[in-house]
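Quick setup: one chain, the form predicted alone, written in structure tokens, and binding and motion questions come after.
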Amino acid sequence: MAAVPVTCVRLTTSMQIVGKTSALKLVSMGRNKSGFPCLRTSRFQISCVAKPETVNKVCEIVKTQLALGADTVVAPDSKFASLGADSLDTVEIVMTLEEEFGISVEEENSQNITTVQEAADLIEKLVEKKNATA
């Protein structure tokens, strides 16, 4: 099997959609030396970022649930494990988020939440889904 050298292009941009601000976080695509897309190594991922107020609320809940000091910085990319959370703490954080936002998080989704941003993105998705069915 031959190895093909590739470069990775990473773009970050924002756009406005119907009065809501949304951001594209990661776009990466493999390229070979000739400049054509390399199908074997191509990756394309776009994810929307939650509203700042949702992220801030999740940060507050995480700080409270983990009893973190006022000097501890909890940012969107903060991992629960790096803040000292174990699996039980993560379950308690998810339960508090469910109560606070009036949503229900499936067990398979809750196992995939490792950062504040992932939690906020999931909350936005579930709240939007809940409002669409109401």
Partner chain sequence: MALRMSPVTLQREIYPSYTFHQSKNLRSPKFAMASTIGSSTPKVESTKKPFTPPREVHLQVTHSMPPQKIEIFKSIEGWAEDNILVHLKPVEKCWQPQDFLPEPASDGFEEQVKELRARAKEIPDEYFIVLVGDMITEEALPTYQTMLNTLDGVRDETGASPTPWAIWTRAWTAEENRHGDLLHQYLYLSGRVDMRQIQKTIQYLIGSGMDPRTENSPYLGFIYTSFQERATFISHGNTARHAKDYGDLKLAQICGTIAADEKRHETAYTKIAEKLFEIDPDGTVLAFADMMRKKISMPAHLMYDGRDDDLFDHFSAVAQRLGVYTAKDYADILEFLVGRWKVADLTGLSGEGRKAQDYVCGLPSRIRRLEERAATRAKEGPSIPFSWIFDREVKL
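Model, not experiment: these values are computed from the prediction. Numbering follows the first chain given and starts at 1.
FYI, the form predicted in complex with its partner chain isn't displayed, but the following is about it.
When you look in the predicted bound form, the only residue of V74, A85, I61, V55 with a non-hydrogen atom within 4.5 Å of its partner chain is A85. Proximity of E100 to its partner chain in the predicted bound form falls outside the 4.5 Å heavy atom cutoff. In the predicted bound form, its partner chain sits within 4.5 Å of a heavy atom of I113.
In the predicted bound form, its partner chain lies within 4.5 Å of some heavy atom of A81. Put simply, V91 is close to its partner chain in the predicted bound form: some heavy atom of it is within 4.5 Å. Contact check at 4.5 Å (heavy atoms) against its partner chain in the predicted bound form: none of A50, Q117 and V127 pass.
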